[in-house]
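Given next, in structure tokens, is a single chain: the form predicted on its own.
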């Protein structure tokens, strides 16, 4: 069995309106990740892909592997995984399990989409179809999260302004990242003045539609050390993963049973024998503010029902001083889904890439500490339908 499983290469395309197909973007990101690992396509023994919305295809990973000349090859495992926005983290855990089981030594994970280049009405129709049968008005996914936000406002006293503070904070972070779509910080007032999408959700609180792709190369440390020159000090370990599931869309009566992030985080922490106190950086899915608030509580950063006040304290500090140091709010320092950009199921990969940058001390002005030891990455699919959590870090596990 491998002493550890490591992320040995990362790669990404630009984010924005790129005018290229999801397949072209996936290929470009994967080649960049392989180059970062010091590998070629022939060194891969596995490929995991998540589906795209802009060009859905049968067995998408097989199509990409065939397109790239990775198949036919005898020692090659190829798999498509669809747990929505949790897909990249589910794939990360699946790749780790493949390696620990001895099936393979090196696996690539890739996610891509081109939803900003799609016709707007086609995008809305396909997105609504993803939660077919929900009875939610169009746009269905924002309305689903909005229902949950309203429930939190009634149950826990979360305010409309606290929800708006989430993207306002992350707009300040994205302005520090050279690849983010949002280049100028905005205020809570600007969020609340942006066009309304659902009763308590405005445009600037929604995941920002984008084209883009990101890829990871994952290897056993023993195999990588024998065959490739890159230092393992630049390759964080996948310490543990955890998954849990909820319904595809909210039931008529919302209660705590709907949410699955708590279970996924608990599994990841218990497997690693760690707690929230051992984490230096968090990449928490924030397709809508309520998703981020729930995640803060689920991983133990604040008490249940306390996330609104937790965010408000950070915003007040930022508004007063005009800045917020990464160490003061070590969350989504790349800007998150609303500000960095969100090519459908890709964004959790950007969380992983930011975690890798943080853990290897390459996050430039966003560095949370000079030498963070561990990061937690959370991906959420559907409307709280799938939760996947990964703990990344140093050392041998």
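Numbering follows the first chain given and starts at 1. Quantities reported herein were computed from a predicted structural model and do not represent experimental measurements.
There is another form of the same protein, the form predicted in complex with a small molecule; it is not shown, and what comes next is about it.
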Q) Which one, 78 to 86, 149 to 157, 299 to 307, 250 to 258, holds residues whose non-hydrogen atoms are within 4.5 Å of the small molecule in the predicted complex? A) 78 to 86
(Q) For the small molecule, considered in the predicted complex: do all three of 120, 142 and 338 come within 4.5 Å of it, counting heavy atoms only? (A) yes
**Q.** Partner proximity in the predicted complex: residue 11 to the small molecule, non-hydrogen atom cutoff 4.5 Å
**A.** no
Q.
Is residue 209 part of the interface with the small molecule in the predicted complex - any heavy atom within 4.5 Å?
A. yes
Q. Would residue 200 count as a contact of the small molecule in the predicted complex, using a 4.5 angstroms cut-off between non-hydrogen atoms?
A. no
**Q.** Partner contact for residue 263 in the predicted complex: the small molecule, 4.5 angstroms, heavy atom
**A.** no
Q: May I ask you to choose, among 124, 225, 176, 313, the residue with a heavy atom within 4.5 Å of the small molecule in the predicted complex?
A: 124
Q) Using a 4.5 Å cut on heavy atoms, which of 114, 287, 180, 136 is close to the small molecule in the predicted complex? A) 287
